[in-house]
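As a starting point, one isolated chain is supplied in structure tokens, in the form predicted on its own.
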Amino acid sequence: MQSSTIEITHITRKYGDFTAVDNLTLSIGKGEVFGLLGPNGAGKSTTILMLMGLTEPSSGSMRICGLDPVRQPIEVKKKVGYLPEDVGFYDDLTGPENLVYTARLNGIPEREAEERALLLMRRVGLGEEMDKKAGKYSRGMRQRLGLADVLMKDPEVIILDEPTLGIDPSGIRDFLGLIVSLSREEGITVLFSSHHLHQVQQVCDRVGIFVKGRLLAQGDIASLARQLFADSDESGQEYGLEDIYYRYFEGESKDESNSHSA
């Protein structure tokens, strides 16, 4: 793996007696697409908030692009683009006008912003929608515009938090293809947080399985399968992410039932 862009070391985040993230250690390389896979409430969004400097860990440390999000949150935001599941835009502005507005907030000169906005509209497949108001965009189009918005400041890292919710299947395929090409062609590091197994399997170089605040396993699908099924009678079979994911849930369920009975 190339040099790490994201380094998380023994991070824990507690809210009172509730532990949202439990002793998380994770390293993500430059240009890698890493999938943070887990159900809703697993701690994925809390991890993202900490990386963005929007909430502080209870203990542990992290670096993103060599910066400490706790002490350098503004510098982090200059290098990291964040795309949530629901992007907000000014509905009475066109796509390019929304992008130029973002550029102004980031101190990008007007002429450069206008040129970059048009370039990125084409890059994300919205070249035919230049004059359409954002309020008329479909859900998939808004997410594409959101990706262009993130790219306006030329980030080193893109963090995607459930970005495909509500998009039709063909739109999802195109959107995921964009993510992969950005990573491969421009060396952007991508953290893709999702509970959709198939999507994560399609685009991610490695996967971290996240359940109840804990990272249970990480690696590419082949190595995870070897870890899980090495002693199985079916070890010669090929396994997908779904098999791996539910095997971990099965183990989690057994751990829970044992702790309840103790």
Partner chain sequence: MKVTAIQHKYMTRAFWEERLRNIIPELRDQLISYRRSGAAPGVFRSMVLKEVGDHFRSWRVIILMVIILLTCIGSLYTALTAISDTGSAGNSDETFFFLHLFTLSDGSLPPFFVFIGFLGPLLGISLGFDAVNSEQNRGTLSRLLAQPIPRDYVINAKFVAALLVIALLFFVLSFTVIGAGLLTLGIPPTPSEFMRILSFMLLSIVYVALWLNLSVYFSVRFRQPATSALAGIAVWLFFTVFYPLIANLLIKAAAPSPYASGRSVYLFERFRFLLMQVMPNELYSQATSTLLMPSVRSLGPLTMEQMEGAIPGPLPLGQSLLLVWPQLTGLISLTIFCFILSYLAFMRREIRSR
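Source: prediction; values computed, not measured. Numbering follows the first chain given and starts at 1.
Not on display, but discussed next: the form predicted together with its partner chain.
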Check your understanding: Where does its partner chain sit in the model of the complex: which of 40 to 48, 216 to 224, 198 to 206, 24 to 32, heavy atoms within 4.5 Å?
Key -> 40 to 48
Review point. Are any of the heavy atoms in Leu54 no more than 4.5 Å from a heavy atom of its partner chain in the model of the complex?
Key: yes
Check your understanding: Is Arg104 a contact residue for its partner chain in the model of the complex, using a 4.5 Å heavy atom cut-off?
Key -> yes
Exercise for review: Tell me, yes or no, whether Leu93 is in contact with its partner chain in the model of the complex, where a contact means a heavy atom of each within 4.5 Å.
Suggested key: yes
Exercise for review: Answer yes if any heavy atom of Glu85 is within 4.5 Å of a heavy atom of its partner chain in the model of the complex; otherwise answer no.
Suggested key: yes
Check your understanding: So, Arg13, Glu75 and Asn98: all three within 4.5 Å of its partner chain in the model of the complex by heavy atoms, or not?
Key -> yes
Check your understanding: Even though the chain is shown alone, can you say which residues of 139 to 176 have a heavy atom within 4.5 Å of its partner chain in the model of the complex?
Key -> Arg142, Asp149, Lys153
